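Only one chain is included here, represented as C-alpha cells and corresponding to the form predicted alone.
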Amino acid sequence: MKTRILAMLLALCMLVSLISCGKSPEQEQGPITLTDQCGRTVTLDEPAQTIVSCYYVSSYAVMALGLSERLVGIENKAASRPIYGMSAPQFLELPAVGTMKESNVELIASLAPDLVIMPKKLAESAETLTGLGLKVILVDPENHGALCEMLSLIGKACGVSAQAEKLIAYYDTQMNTLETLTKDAAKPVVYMGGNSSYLTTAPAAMYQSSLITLAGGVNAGTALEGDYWAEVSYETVLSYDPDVIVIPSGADYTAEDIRNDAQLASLKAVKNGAIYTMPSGIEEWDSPIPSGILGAMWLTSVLHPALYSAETFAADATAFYETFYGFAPDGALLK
C-alpha cells in the first residue's frame, strides 16, 4: 500500500510541476541540426516558425507542444478529428495537404513553410520537397520509444525541447505509476478487437498489446505474429476465452454486435458483461499519439477499478488536457 501511495504522490507532483508549462513554451534560438526517424540529416538556420503537418499524429504533437499557431497546412479530413475543434479550431480552416499515402507537393511548396513533417510512408514526396529547398523531417512513431523520439525531434526543430521533455516525463512517470499499481494484481486476459472487425486482434508487436500489458492485463493475441491487426477465427477467439473484451475507439462495430453474435455467447467476457468500448470523443487513445498514455490509464481503470478508479482517471485525463492542450474536456467524453 505504501508503494502505491508513493507512486501516486510522485505522479501528482510531476503533474503539478507540469501545469505551469502552459501553451506558449519558451523558444530556444540558433541553428539546428537533427536526424529524423528515417536517418536523414536536416539542418535549419533557426527554429521553425511555420509548419506543415501531413500526418494526424504529428499534428497532435504540434498541439501538445504548444505550437498550434505555427501550423499553416494540415492533413486531409481534419474535421474528423474532434480534438482540433476543442484545442485548435483554426486547424479546420487550414489548407489540406494530403494523406499518409500521398501528398500535394505543389500546395505544400506554395505555403513555403519553415518545416514540413511527414510520415515515413511519404519518403518519396519528402525528397521532392527537399529538392525544392524545403526542410522536411520524416517521423515513424509506431511505439512508445518512437513516439518519444518524434516528440523530441519536433521539439528540437521548433526550439521547444524543454516542452517536449516535460511531455515525455509525464508519459514516463505515468507508465511507472501504472506498473507499480498493478504489479501484484491478478492479470485478466484481454482481447482487443480490431477497427474493422472483432475477428481481428492485436498481436504482440502492436502498440495496443503494450497498452494492455501496461494496464495490468495479458493480451489474448500475444502469440500472434505481425505488427498490424491479425485475422482470427471464431475457434481461436473461443480458445482465448478472454476475461475482458475491449473495442478500440475507431471500431466499425459495437459492443451490442458482439453480445448479439451467438457464436461468442459462451465467452466469459460476454457472459459477465465485460465488454468495454474505449472513449472516442476526443482522440484515439489506443494509438501511439501524445495522449496515448491515457489509453493505458483508462484501461487500468477498467481492469483494476479498486486500484485506479474511473473518477481518478477522469480527473487525471482532464488535468492532462488542461496542461498540454489548453482545454478541459467534457467529462462525458472520458467515459
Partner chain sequence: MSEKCDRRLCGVFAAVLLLLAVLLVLSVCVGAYPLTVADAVTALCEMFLPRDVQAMPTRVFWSLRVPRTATALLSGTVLGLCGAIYQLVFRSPLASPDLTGIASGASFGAALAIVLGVGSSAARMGFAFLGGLLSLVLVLLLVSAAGGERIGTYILSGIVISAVADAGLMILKTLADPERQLAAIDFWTMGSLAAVSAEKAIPLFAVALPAVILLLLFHRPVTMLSLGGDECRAMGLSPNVWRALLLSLATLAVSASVSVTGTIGFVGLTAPHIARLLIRRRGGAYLFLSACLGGVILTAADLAARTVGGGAELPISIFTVAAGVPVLVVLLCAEGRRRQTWS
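Please read all numbers here as calculations on a predicted model, not as lab measurements. Numbering follows the first chain given and starts at 1.
Only in words, not in the display: the form predicted together with the partner chain, which the text now covers.
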Inset, instruction - Indicate whether the partner chain has at least one heavy atom within 4.5 Å of a heavy atom of residue 104 in the predicted bound form. - result: yes
Legend entry - is_contact(residue 195, the partner chain) in the predicted bound form, heavy atom dist at most 4.5 Å: yes
Legend entry - residue 162 within 4.5 Å of the partner chain in the predicted bound form, heavy atoms: no
Legend entry - in the predicted bound form, residue 257 touching the partner chain (heavy atom, 4.5 Å): no
Inset, instruction - Identify which of 128, 176, 236, 222 has a heavy atom within 4.5 Å of the partner chain in the predicted bound form; exactly one of them does. - result: 128
Legend entry - the partner chain: the contacting residue among 172, 241, 261, 124 in the predicted bound form [heavy atom, 4.5 Å]: 124
Legend entry - Which of 67-75, 153-161, 86-94, 195-203 lines the interface with the partner chain in the predicted bound form (heavy atom within 4.5 Å): 195-203
Legend entry - Residues within 4.5 Å of the partner chain in the predicted bound form, restricted to 309-335 and counted by heavy atom: none
